[in-house]
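Below you'll find only one chain, the form predicted on its own, shown as structure tokens.
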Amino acid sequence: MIFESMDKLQRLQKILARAGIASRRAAEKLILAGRVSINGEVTRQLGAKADPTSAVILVDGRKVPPPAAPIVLALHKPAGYLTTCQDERARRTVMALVPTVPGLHPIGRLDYATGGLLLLTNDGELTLAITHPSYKISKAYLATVTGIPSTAALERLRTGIALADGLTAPAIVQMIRSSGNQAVIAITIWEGRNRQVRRMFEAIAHPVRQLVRVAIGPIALGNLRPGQWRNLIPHEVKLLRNPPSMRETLP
């Protein structure tokens, strides 16, 4: 029997999710498999609760750290860094650019060759909420492409491009400027497919030369230079948790 102050009790799967151990669904599987213990007692009950600040919680014999104060960082990721906590080939990762904070991890991904805004947090629950497919948070980019797309090509980007993994959702697309044999296009999407923006431009025969993410939902890259980061203020975090819906934003 586990005795804790009732106002501090949290469901075990929520504790594991907030610690970044696993999603709530995956945490439930860990519990049912008997891989989680509370104060030395294995539990297979999905309704089990504990005080994350005082209980000794183990997953496969490894202690789950007590919750740290939640933080959210905005980083200007330079191109040439991996969006991961560690790399088995010892390549540069974004974690080398931010403070060492227990549980800190990137929210989503930004591919190796792409720079711009990347959010990091130690709040696993926030990460799971933002990256869930139903969340539909907007992501805005500036793409420098080869050639100057026609009006018809830009309209294809707006209405949907047929990719190998299906038709893309509607996007907001605007020509910013063009010069010589290249153009700068602003594009906002609500999906998170692998290399999606690059593949969309490849599909209209205007490959990307440079790609920078300039906003995630209500959070803008602003004046951050490559490699710089800042803490989000509480109001920004609140907006991030409750962004405008896709339907409210699309023209």
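Just count from 1 along the sequence shown to find any residue number. Just so you know, these numbers come straight off a predicted model, no measurement behind them.
Not on display, but discussed next: the form predicted in complex with uracil (URA).
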Go through Ala27, Ala55, Val197, Ala183 and name the one with a heavy atom inside 4.5 Å of uracil (URA) in the predicted bound form.
-> Val197
Tell me, which of Ala143, Ile161, Leu110, Leu119 has a heavy atom within 4.5 angstroms of uracil (URA) in the predicted bound form?
-> Leu110
May I ask you to state whether Thr114 is within 4.5 Å of uracil (URA) in the predicted bound form, using heavy atom distances?
-> yes
Answer for Leu211 alone: is it within 4.5 Å of uracil (URA) in the predicted bound form, judged on heavy atom distances?
-> yes
Pick from 218-226, 65-73, 189-197, 33-41: which stretch has non-hydrogen atoms within 4.5 Å of uracil (URA) in the predicted bound form?
-> 189-197
